[in-house]
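Here we start with a single chain on its own, the form predicted on its own, put down as structure tokens.
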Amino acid sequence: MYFSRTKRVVAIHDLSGIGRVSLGVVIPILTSMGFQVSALPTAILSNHTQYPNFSFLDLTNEMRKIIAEWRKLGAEFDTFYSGYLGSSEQIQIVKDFILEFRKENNLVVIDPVLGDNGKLYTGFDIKIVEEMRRLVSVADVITPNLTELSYLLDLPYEKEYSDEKLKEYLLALSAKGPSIVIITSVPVIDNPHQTSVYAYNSRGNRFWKVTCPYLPAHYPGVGDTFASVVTGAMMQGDSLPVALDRATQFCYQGIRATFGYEYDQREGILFEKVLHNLDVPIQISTYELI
């Protein structure tokens, strides 16, 4: 049997040489929060896909080999955390892997990366959406944005939603399997200077909302940063609203630390400058029950 002295999270993401996204964000955040990260890379890129050109090495076959070696080792994991999966085949591999290795009381966090601004990402099709719907059924926690919400529920995409409509959709997603559903990057109606995160926990049947200031800048990898802090906070034993607060405030601190620089925004937020803040208790809680 293979033993680990600290909690171990298996991070199933791609790795970009340039750009603070995916494993380049996941590993330092979760390591700094006190966890051992075992990477199951899905692809290696020269730089992330929001640059006009990039090299891409598909690791689908290697994923199977890595899992086979872990099986021989008797490797065990406390948490499974997946992000960008490049094909329906990879999604199926991840689902089978989780179902085989998962133990009682393990945590499964799925960031169902499908698209943004009402559209699927380049190279994605309805088959990937259908496989992702199956994958979220084995999750404890999912973190879709509004676009991903619309695809998971097969609904028309809208830019604005009322609290009541979002609560309806949170319930619908939770009914598919995950006990916790977190919807990210929700614009605040009639206030372009704020953005919100909505969440539902079926254990207790409670809805939560965290709102923070919005800065007019786009940084790749903020979603990865948010989901990583949420995952780490929940592994540390935080309640859902506190985990949301910690993740939202950390992302905002990172954006604030980056915003004043003359800087290529495609490289992502300068989270290295605020990484130490993950060790600091929250000073002001902003979550609310809705």
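The model shown is predicted, which means the values in this text are computed figures rather than measured ones. A residue's number is simply how far along the shown sequence it sits, counting from 1.
Another form exists, predicted in complex with a small molecule; not displayed. Remarks below refer to it.
The contact with the small molecule in the model of the complex, taken as any heavy atom within 4.5 Å, belongs to 45 out of 240, 59, 30, 45.
For the options 91, 139, 199, 113, the residue carrying a heavy atom within 4.5 angstroms of the small molecule in the model of the complex is 113. Every residue of the trio 16, 49 and 84 has some heavy atom no more than 4.5 Å from the small molecule in the model of the complex.
Annotated contact segment (heavy atom within 4.5 Å of the small molecule in the model of the complex): 221-229, selected among 221-229, 60-68, 243-251, 259-267. The small molecule in the model of the complex comes within 4.5 Å of no heavy atom belonging to residue 157. In the model of the complex, the small molecule lies farther than 4.5 Å from every heavy atom of residue 101. Although the partner is absent here, residue 12 lies well away from the small molecule in the model of the complex, with no heavy atom inside 4.5 Å. Though the partner is left out of this view, residue 214 does not reach within 4.5 Å of the small molecule in the model of the complex, counting heavy atoms only.
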